[in-house]
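Take a look at this single chain in structure tokens; it is the form predicted alone.
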């Protein structure tokens, strides 16, 4: 379970000034649940994920995962960024093992299972330059699965993909979520993606970010959800938070 209470974050600036980024964010994500976060560009969504990942210390507030305070990066928490983070001089196999190597673990079975789950069998000796955008995303997912992460934090992971590849990869993420039961926190600008992958959708305000809306989305979980009237109604509900009034 992820618990965040009254989280504040401000970056120091020259002259002793502070640049506030997060202002009193509180939320909870049950173990094995999925949460999608939407908000204006630059509002602090990525910074929020970095706090959850233990990469940034908050100014104040409480952040816990499974009852333990988040004070540094932990092996069970994987952060997947928009840039895949693949090393161009390493093969698919070598990139997929990076997380395990940082843990000092050499578990070939885990890596093989992760590559199989991501449809990457036969790609082990290829280099990133030989992969499509969607395949690169799958390698970064394989790396997270190989390290046996129980919490996946995703920061705009599919933003650069074409519409068809994006939808296919969303289906794959949903399948993996069902199979492995990890807790998923997804930051996205794509409203339909948030509705497809989030059991709950949280709306952040402009910077400094506050939670201005929480929308339950219990129907998610079925790949056919995209074709339902409920899906379209939920998308409209979420979009209403971002409509700019006509002068």
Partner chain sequence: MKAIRRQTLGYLLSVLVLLVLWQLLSWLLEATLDPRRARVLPGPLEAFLVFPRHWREIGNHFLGTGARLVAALLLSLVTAVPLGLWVGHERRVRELLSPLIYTAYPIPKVVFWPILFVLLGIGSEVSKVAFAVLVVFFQLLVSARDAAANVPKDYVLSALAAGLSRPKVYWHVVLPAALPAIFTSLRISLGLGIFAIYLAETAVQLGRSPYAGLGFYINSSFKAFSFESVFAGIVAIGILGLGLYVLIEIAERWLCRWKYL
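Residue numbers count along the first chain shown, from 1. Nothing here was measured: the structure is a model prediction, and the numbers come from that model.
This protein has a second form, the form predicted in complex with its partner chain, left out of what is shown; the following refers to that one.
In the predicted complex, its partner chain sits within 4.5 Å of a heavy atom belonging to residue 73. At a distance threshold of 4.5 angstroms between non-hydrogen atoms, residue 171 is out of contact with its partner chain in the predicted complex. Using a 4.5 angstroms limit between non-hydrogen atoms, residue 160 is distant from its partner chain in the predicted complex. Among heavy atoms of residue 133, none comes within 4.5 Å of its partner chain in the predicted complex. Taken together, the three residues 178, 191 and 198 all stay farther than 4.5 Å from its partner chain in the predicted complex, as judged by their closest heavy atom. This chain is displayed without its partner chain, yet in the predicted complex the stretch 50-58 from 214-222, 50-58, 63-71, 32-40 comes within 4.5 Å of it by heavy atoms. Of the residues given (86, 118, 145, 151), 86 alone sits with a heavy atom within 4.5 Å of its partner chain in the predicted complex.
Taking a 4.5 Å heavy atom cutoff to its partner chain in the predicted complex, none of the residues in 199-223 make contact.
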